[in-house]
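This document opens with one chain alone, in structure tokens, the form predicted on its own.
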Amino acid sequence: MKARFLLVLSVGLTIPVTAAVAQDVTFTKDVAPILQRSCQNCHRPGSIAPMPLLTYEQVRPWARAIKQNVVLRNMPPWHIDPNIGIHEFSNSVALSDAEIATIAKWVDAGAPQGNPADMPPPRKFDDNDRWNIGTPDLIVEMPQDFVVPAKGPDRWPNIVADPGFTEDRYIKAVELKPVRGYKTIHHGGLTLIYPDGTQAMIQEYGIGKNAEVFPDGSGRLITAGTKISFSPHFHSYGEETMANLAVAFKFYPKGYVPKYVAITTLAGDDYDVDLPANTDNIRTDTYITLTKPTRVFSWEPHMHTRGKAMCMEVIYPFAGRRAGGSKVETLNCVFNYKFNWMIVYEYAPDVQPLLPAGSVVHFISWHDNTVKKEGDPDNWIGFGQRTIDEMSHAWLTYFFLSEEEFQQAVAERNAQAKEKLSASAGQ
């Protein structure tokens, strides 16, 4: 498997920058539209990126750095290997091979500006305080700010808030994020505490993470009397800071009951992570077994600073081609994991994995414990909540199907595949 993964890395970083592009590539006509779609949401004043990329004058000094980062697929932050498994996602910001080739050719040609009349209208942005899910129906903050001292150990408090729910409502979208003290918050969890005492994890925040929008016809239930537990991880960084997390909800209309109940779960038992000192490409394998037919909506790999890559494959509960073997299929690989980008990868509806009951989802991760900037590589590293510790799991969002629903969905998927094949053959 290691040899196979090294091939994945090699393929993932070899970009066909010689793809056909227009002979005369300019910023105003060709490059600016790409930056508007996939880069400017972060690269603008007041956002999280270090420099704005709105105008030619702002972009030109960074031309070579932009080329390097898009060719290596470091930017925009979308780390799915495009050559392995499923590559259609509803929330993708990845550049196509043709777009990468356009930027590379523009830079190689001296980064010409072009005709100012070709410049597209400026993109309009919501204020930074707006939510990715749109205007929320409800926002709930932690009851009070948490004081993070300038120096001190990491802290993991559990803080309960009572939103005052008086009726049952189904959640269509949910987003957890810092509203104060962004730099001090490593990650945070959000758990629903139902009146009977049972609990359900609903959302997790990590640096660079996006929102969770459930597929149409699926959602999560909040019952009357449900409380919310915030579980932030605070980290001091040299300056006393007031920090707070908030969660935003969008609900289905009152009285609406979605057909499916979405589940978000931490998948993979990674308590035995074992990273020897001064060792690279350390492999860890974790698993989750699906007891019912399942439709997977999204996945989010999670490791800390030593994480390099993660693949997700499914081991089906039926035989493969060899006697005694099981059919195994790689769903996706993240070939260049970045701790600062906890990305939820949302599958396009037509390719959401359909997994039969008894399927085992297998997560394979690789870590590098040789980099001094991430701590002392002379030390053994194991599982832990601190940034200097490590993890190897993923967050999965899915919903269960009945056997009849599963078979119908598979039949529809097969019919769609045949239609596409016929259409392609007829061209």
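All residue numbers are counted from 1 along the displayed sequence. Under this definition, the rigid core comprises the largest set of C-alpha atoms superposing within 1.5 Å between the forms. What you see is a predicted model, and the numbers here were worked out from it, not measured in a lab.
Below: the form predicted in complex with a small molecule, not depicted.
Relative to the small molecule in the predicted complex, residues Leu35, Met51 and Ala65 are all within 4.5 Å by at least one heavy atom.
With the partner removed from view, the residue among Cys42, Ile388, Val371, Val360 that has a non-hydrogen atom within 4.5 Å of the small molecule in the predicted complex turns out to be Cys42. Here is the short version: of Pro76, Gly189, Pro258, Gly181, the single residue with a heavy atom within 4.5 Å of the small molecule in the predicted complex is Pro76. With the small molecule left out of view, the stretch that reaches within 4.5 Å of it through heavy atoms in the predicted complex is, among 148 to 156, 340 to 348, 106 to 114, 83 to 91, 340 to 348. Of the heavy atoms in Val70, some are within 4.5 Å of the small molecule in the predicted complex.
Heavy atoms of Leu95 reach within 4.5 Å of the small molecule in the predicted complex, making it an interface residue. Once the rigid core is used as the reference frame, the Cα position of Ile222 differs between this form and the one not shown by less than 2 Å. Here Glu99 counts as shifted, since its C-alpha moves by at least 2 Å between this form and the one not shown after the core is aligned.
Relative to the superposed rigid core, the position of the CA of Leu331 differs between this form and the one not shown by less than 2 Å.
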